[in-house]
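In the form predicted on its own, a lone chain appears below as structure tokens.
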């Protein structure tokens, strides 16, 4: 979908459909809604008087405008109660509206920002409208060879605004489009089948997005990983014919002397569980075990395109976890990059192993903060459900900044404790640490394991096992890969920019 900003009046716009965002039980129309209503002889008022459309959240209705209007349809989209309106509800409502029009095979539509919906938040309103529209119509169809017509998306949406607001609206729409591009890029990476998204292909994608100027990519192959002693990453990859890759993306948008933020993303391009083999049911979805890596790559690309005033390093350990003849075995002991030894209890607790090497490697950058993001534990889905990110960490200020960003982005997040007693659960009798503490507190003990490799820098872990893959359609997240964490992390980086 192409979204553009245009100067003008909605009621005078020639288009296949206009979209009106209506609050629940709205008694009096104002602004562009009133002008559209006047243009059609009171059609909108008549609909609002009936009980067919009340403006309830995510409710939609279509009116046909008649010959006197330059637009053919009016799509009414309910925002819910005005006093409960948020940017997230705007995102959801606009997504629902464009999806409804897409089902009607409408190829073009226009909408006007009603600034009183989010008073004093013009930037936020435009961004929410753009992101809702773009993300709501996402589909992954490169392998679809039949029924293409049923999956066509609406190609164009115009945002109509007064000349006085044009510069602001156009600039914010451009930034929102970049962020939506990043989410869709992450969704594409995660959606790709395992045979088309190996560690080497993921590294190729990283090189592709790097321009060598603003964003620089380097990839450490198997030989270099051996010389560095990244044995935890190598051990996870040992059962696969696909060699591991350690991808580094670097962006400098602030002073060279400013310490960078380091993002680390789990990059299991397919996870069969290794020798501790997963059950067959839903194993096909384990192509999504690199959603953390996809998020980090997408954030790096967007950060460079947005020109954010931050220094950023992204670390992506990438591997397959397969039960081959050389595979890591339960009972094995691995010496990690940090020098700490790890007893392997369960080879399906592999994400924390590759992240252990990445988190220890982060220390060489003397980071201001380190954030890792991973589809790490099924236990997080049990604890928080499918739509909530689990957060654990060692620095209160960093956690507060991420929580603030999650609220603005509309990505639900909940903090779990990381008390000392959980570290006791991963003590090994024969090594420094073991890679799982058992079923109890599985998400927390996984984070406690990672904490052993974080040194003294501020660190937060985001477990996206639940929201990374949607089992059903949501307003702006179609079933499948969601791009979880991308908007949250970009929002965080925007908030901490050097002034």
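Here the structure is a predicted model, which means the values were calculated and not measured. Positions refer to the first chain, counted from 1.
Beyond what is shown, the protein has a form predicted in complex with a small molecule; the following relates to that form.
Exactly one listed residue, out of 123, 195, 346, 428, brings a non-hydrogen atom to within 4.5 Å of the small molecule in the model of the complex: 346. Note on the partner interface in the model of the complex: the residue among 60, 40, 436, 54 having a heavy atom within 4.5 angstroms of the small molecule is 436. Contact with the small molecule in the model of the complex, defined as any heavy atom within 4.5 Å, is confined among 78-86, 282-290, 159-167, 92-100 to 282-290. The small molecule is not drawn, but in the model of the complex it has no heavy atom within 4.5 Å of residue 245.
A residue is said to contact a partner when one of its heavy atoms sits within 4.5 Å of a partner heavy atom; residue 404 fails this definition for the small molecule in the model of the complex, lying far away. Contact annotation for residue 358: none of its heavy atoms lies within 4.5 Å of the small molecule in the model of the complex. The closest non-hydrogen atom of residue 462 lies beyond 4.5 Å of the small molecule in the model of the complex.
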